[in-house]
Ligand SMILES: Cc1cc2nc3c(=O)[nH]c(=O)nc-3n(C[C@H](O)[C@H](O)[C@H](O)COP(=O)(O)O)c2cc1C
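Have a look below at one chain only, the form predicted on its own, in structure tokens format.
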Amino acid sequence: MRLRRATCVTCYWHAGSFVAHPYSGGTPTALHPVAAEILSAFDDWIEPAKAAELLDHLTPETIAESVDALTSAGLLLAEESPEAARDEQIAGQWETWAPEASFFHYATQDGHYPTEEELAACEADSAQWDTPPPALFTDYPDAPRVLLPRRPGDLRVPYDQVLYERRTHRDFTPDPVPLATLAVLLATTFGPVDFIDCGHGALFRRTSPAGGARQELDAYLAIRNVSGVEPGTYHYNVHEHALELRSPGLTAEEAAHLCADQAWAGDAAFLVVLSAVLDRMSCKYRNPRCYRVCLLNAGHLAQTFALTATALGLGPAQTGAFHDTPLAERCGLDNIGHTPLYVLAAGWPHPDPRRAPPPARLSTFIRTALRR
């Protein structure tokens, strides 16, 4: 029987142990680091006896025991086995994004979900709550601030009109966005709607769904063209409905550079950086799959942002392409416990957009595969 090392394997050090994690279906296994050398001998299909010849500095007993253990863990796969076929399929499908995306996707699948009894026991465990939970709101008390107007905006645009007029805009006019318009957009998207009792204190809800109402996402703004606000980066203080200055000044060139050198971002009146306060989520949800929820929550907020901006007459945009480290530094974030996840933008939409895609025509559909 010939064996091969699983293609979908990530190795790492964790809690003082060297771990090999076959994420296509095997078991994360703590190994002696020498196991990596043994696995390297199975880079392609090979019989164990032939592999032993490549590892002649190790005893046959050591190799035999290691092969058994590595096979049981799913790190070595048998030729023509279902496990080998699945490993090859995953590796081929995810090749473009491997190993980072494929590892995260599969390593966080099929985890243990606590039963209601386990949840109740966890809630009752006072030791879990010995450490005070993270603060409900983020604020920077010593920062210069701009108090935003609390005048309600007119959002009574028909729902179907907002839904079907919502488009991602990449062209904006040079006209400044009024401070009152920005204030309505921020309050509607990020402000509290009401407060609930989670059993260990209050949580607040927004107009968007959020896993466990943890509200781990904060909004930071890179403002370039808003009336009454000097260019710079700011934090939106949800509690005070205010902008807190994090760093002064912002040029169109810098805004574009922060968004992976996308020129359109420099034309937007402002950017909104969605940043995760990880402790707010991880203090309750310990499963690493919950990082997925943080990403999904960012999408929920982005959709509400886009629809609200459309209702206010603004042109919304969003991008996942940005330079993480300089963006975090510009917002005053440590990029560890407070880290950027998504960038939104808005401005007045240009009446004659240059970057908008053309409508699909007959020739477009002729070269398009509509079905398999």
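Fair warning: this is a prediction, and the values are worked out from it, not measured in the lab. One-based numbering along the sequence shown.
The protein also exists as the form predicted in complex with the named molecule; that form is not presented, and the subsequent description refers to it.
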### Query
Out of 68-76, 165-173, 267-275, 143-151, where are the residues with a heavy atom within 4.5 Å of the named molecule in the predicted complex?
165-173
### Query
Given that the partner is absent here, does Ala321 sit within 4.5 Å of the named molecule in the predicted complex, heavy atoms only?
yes
### Message
My question is simply whether Thr138 lines the interface with the named molecule in the predicted complex - judged by any non-hydrogen atom within 4.5 Å.
### Response
no
### Residue contact check: Gln262 to the named molecule in the predicted complex, 4.5 Å heavy atom
yes
### Query
Taking the named molecule in the predicted complex, which residues of 333-362 have any heavy atom within 4.5 Å of it?
Tyr342
